[in-house]
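Before any questions on how it binds or moves, here is one chain, the form predicted alone, in structure tokens.
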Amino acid sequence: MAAPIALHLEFGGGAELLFGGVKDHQVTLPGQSQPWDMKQLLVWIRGNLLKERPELFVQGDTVRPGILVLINDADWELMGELSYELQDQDNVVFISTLHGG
């Protein structure tokens, strides 16, 4: 069984409003038989951190278009997106690039 992993999650560009206005979250994901990946993290975030309007954050099993995702300061597209296996102490940032007007 894989050990629990600690992550720093950050929400910005207005995305923090969906999480009770809290930008920074230190979380520990429980140990499980398979390594945690980004797809599982999004399910966990939706069930444990997201406070309102999930349709503004997730679409299907991924983030909604217009949300930039960085893993350790690199675009998640370079890291394998949903299949990226999370590592202890990873820093994952979600930034909304959509602005109302």
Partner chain sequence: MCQVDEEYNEQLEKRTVPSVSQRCVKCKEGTAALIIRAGDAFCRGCFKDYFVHKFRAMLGKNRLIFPGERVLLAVSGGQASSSMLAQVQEGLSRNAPKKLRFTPGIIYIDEGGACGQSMEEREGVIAELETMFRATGYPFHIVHLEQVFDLPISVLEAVSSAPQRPEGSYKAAVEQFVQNARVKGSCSPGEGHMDPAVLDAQIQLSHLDTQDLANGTPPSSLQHQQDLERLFASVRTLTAKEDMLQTLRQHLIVHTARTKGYTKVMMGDSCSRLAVKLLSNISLGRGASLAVDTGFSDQRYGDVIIVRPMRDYSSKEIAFYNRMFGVPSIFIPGLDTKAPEKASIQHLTESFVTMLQADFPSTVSTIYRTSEKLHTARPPHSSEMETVAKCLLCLCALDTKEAEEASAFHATLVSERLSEKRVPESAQVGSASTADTVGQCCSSGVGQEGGCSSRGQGCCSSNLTPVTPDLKSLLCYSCRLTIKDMTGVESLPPYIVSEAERRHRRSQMKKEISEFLLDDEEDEVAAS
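Residue numbers count along the first chain shown, from 1. Model, not experiment: these values are computed from the prediction.
There is another form of the same protein, the form predicted together with its partner chain; it is not shown, and what comes next is about it.
Q.
Within 4.5 Å of its partner chain in the predicted bound form - does that hold for a heavy atom of every one of A6, L41 and P54?
A. No.
Q | Touches its partner chain in the predicted bound form: E10 (any heavy atom, 4.5 Å) | A | Heavy-atom contact with its partner chain at 4.5 Å: present for E10.
(Q) Just checking whether L17 would be counted as a contact of its partner chain in the predicted bound form - the rule being heavy atoms within 4.5 angstroms. (A) Yes, L17 lies within 4.5 Å of its partner chain in the predicted bound form.
Q.
Given that its partner chain is not shown alongside this chain, does L86 nevertheless sit within 4.5 Å of it in the predicted bound form, heavy atom to heavy atom?
A. No, L86 stays farther than 4.5 Å from its partner chain in the predicted bound form.
Q. Hey, in the predicted bound form, does V27 get a heavy atom within 4.5 angstroms of its partner chain?
A. No, V27 stays farther than 4.5 Å from its partner chain in the predicted bound form.
(Q) Pick out the residues of 82-98 whose heavy atoms come within 4.5 Å of its partner chain in the predicted bound form. (A) Residues within 4.5 Å: N91, V93, I95, S96, T97, L98.
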